[in-house]
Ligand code: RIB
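The chain below stands alone and is given as structure tokens, in the form predicted alone.
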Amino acid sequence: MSKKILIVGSLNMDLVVQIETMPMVGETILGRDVQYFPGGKGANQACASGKLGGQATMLGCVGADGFGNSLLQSLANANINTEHIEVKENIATGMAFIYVDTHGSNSIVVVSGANSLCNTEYLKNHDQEFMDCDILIIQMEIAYDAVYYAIERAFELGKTVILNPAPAPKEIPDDILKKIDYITPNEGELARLSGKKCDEIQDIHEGARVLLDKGVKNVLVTIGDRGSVLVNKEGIRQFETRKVIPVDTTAAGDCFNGAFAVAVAEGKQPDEAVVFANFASSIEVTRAGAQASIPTRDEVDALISQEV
């Protein structure tokens, strides 16, 4: 039986604006279209976990408004247990303003809203969910003290901890890094955390070793269309991904993280889990939106059977 996954993090409504090119500072441009998609790194990773077959529960907060209702419904449709997500009065649901150009690249501005109330006190009130899970997935779109509390509590309980350090802080305390089983930065996030330039593959290896030396067990770096790199004490392995034409890369990393957690929950070895996650995210980037673009388990399994 698959192990239980707990996702702690943000829930946002994404307002996606389609543009030709990214505006310069002080420049006014015309957008081609605007769409509303359920998002937030936490909710996206939860949605991926559910759509890809995981047994998952989410902790987080939304406002008592239409956006909050839509986010809860999207997660419920993905078979996520949402009963412990709290609906807060007198504060708006978090929002993300996402600009996507014709190449599929994006720039994002996040307004936290109710996500600011996913704090340490709230997490302590939901300790049973930590005790019941086997794997914790967490990101950094909520308060850092809440992130660090969740990691410490999961570690105390002997759970597998997956941290997606996005948006990346300047640093993560060493005593927290020692409690992480998998940290999953992209190149930019790894550069910020390690203090190393991470443009080339060799640079990425060196940056990952900085985190390993501080106690992280596995560093799993996503490198866009070049795939991903897994670095641990056993060595360094690079995994290529499918070559596709991207439409919207907004939630590619979130899909990857959710898929990776599902594979780990099913008992797959890390290498197998990375391959599964790469296939899932290669489908996701060919569609618009965040949660709406995440593939189902049947889609990923069918693709793997064709190409492996």
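Note that this is a predicted model, so its numbers are computed, not measured. One-based numbering along the sequence shown.
There is another form of the same protein, the form predicted in complex with this ligand; it is not shown, and what comes next is about it.
For the residues Val161, Cys133, Ile80, Ile98, the 4.5 Å heavy atom test against this ligand in the predicted complex is passed only by Ile98. Note on the partner interface in the predicted complex: the residue among Ile108, Ile91, Leu117, Ala168 having a heavy atom within 4.5 angstroms of this ligand is Ile108. Looking at Ser281, you'd find every heavy atom of it more than 4.5 angstroms from this ligand in the predicted complex. Contact check for Ala251: a heavy atom falls within 4.5 Å of this ligand in the predicted complex. Although the partner is absent from this view, Ala290 contacts this ligand in the predicted complex, with a non-hydrogen atom inside 4.5 angstroms. The shortest heavy atom separation between Gly39 and this ligand in the predicted complex is within 4.5 Å. Listed stretches are 173 to 181, 108 to 116, 220 to 228, 234 to 242; the contact stretch with this ligand in the predicted complex is 108 to 116, by a heavy atom cutoff of 4.5 Å.
Taking this ligand as it sits in the predicted complex, the stretch 123 to 160 comes within 4.5 angstroms of it through a non-hydrogen atom at just one residue, Glu141.
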